[in-house]
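Let's start with one chain on its own, the form predicted on its own, as structure tokens.
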């Protein structure tokens, strides 16, 4: 044991020295670059992963379970089921709700209302499970799905609503919950952009029947890839544990009940449902446990950046619109989205090109209007209205990096380049 500890100390010393020499992601005024993302992990996370590798215990086990419990404790979720990505979390949540054993679940052919401004893996799991996505427009101020459009979209086959808290900004959950209760609809929360966001003092993900989160490299915190499903419904959580790993019962909390029910089967290989392989690794669980205590600080930095940019760039409000935080919501500020107004005498591509040339990385807002993506046209879906707001965002939306490595100097550099762009257009 002493020799092992000595060797691990030597490994950590080397990794720390490497990271101190190579992992400098701070903004450098003499060589300015503002990237869309910078790594949130360094020595401690790498050592956590290395220790898993050195132990040879790498497949899903106690470190994943420990992280699930820590994550749920942090945000007051009852049950957490970690998996290998946020996209898989969406698939697992929908698969569980659409499973024959799910109580008051979804069935093939049922419609689920989703926002036009979203990501592909919000929509694809619905199609993969035989459900029909119904695309509705969004509120141009909050960038979230418009409750009035949800109400308008409900038809005889509508059975669910899947919200997306766009860029960490919570949806108007009071209005959406009211609709779902009145219309007896299943509410799913896609929180993959909204780690640590809250609505009415409650963490997003606690409001619907199931919530999903992502720990992708570029998100608020990371397990490199990774995601988690959360729910207050124990039976649904158990079903997700079964579906997550081949349909067997090995990771369920009520495993003994299944073993008693089917004593003729080898308890190591009892399959009670269909399944996937969406398991997380021990490396991901270990990294998550190191990252989680840092999350609040990461989010605070993002919120400070957002507040500062809204103030500093307000002088361009005739031409640029900024995402409005939802009343009762506390955004975790996934990025800093802006949208050109109708008065802007330039195209968003011109602003993007100018900022990119100044080494300020930019991108469109999420995937734009998913209803216009060619892949969706291959499958059954329904579109409600012309979706003018989502289409406007797709043509005129832009975001640049807002993350833990952006400081006041980086913000000032962005402000200066935006000002230079407006001067180049004669709009200063």
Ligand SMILES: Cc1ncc(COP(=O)(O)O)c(C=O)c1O
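Just so it is clear, the model here is predicted, and its values are computed rather than measured. Numbering follows the first chain given and starts at 1.
Missing here is the form predicted together with this ligand; even so, the following discussion is about that form.
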Original post:
Can you check whether residue 138 is within 4.5 Å of this ligand in the model of the complex, heavy atom basis?
Top reply: no
Original post:
So, in the model of the complex, is residue 86 in contact with this ligand at a 4.5 angstroms heavy atom limit?
Top reply: yes
Original post:
Would residue 111 count as a contact of this ligand in the model of the complex, using a 4.5 angstroms cut-off between non-hydrogen atoms?
Top reply: no
Subject >> Distance check, residue 241 to this ligand in the model of the complex, heavy atom within 4.5 Å >> reply: no
**OP:** Scan 121, 289, 149, 326 and let me know which has any heavy atom within 4.5 Å of this ligand in the model of the complex.
**Re:** 121
Subject >> Sole residue of 258, 75, 316, 216 within 4.5 Å of this ligand in the model of the complex, by heavy atom >> reply: 216
**OP:** Choose from 290 to 298, 245 to 253, 129 to 137, 190 to 198 the stretch whose residues reach within 4.5 Å of this ligand in the model of the complex, heavy atoms counted.
**Re:** 190 to 198
Original post:
Quick one: in the model of the complex, does every one of 90, 164 and 226 get a heavy atom within 4.5 Å of this ligand?
Top reply: yes
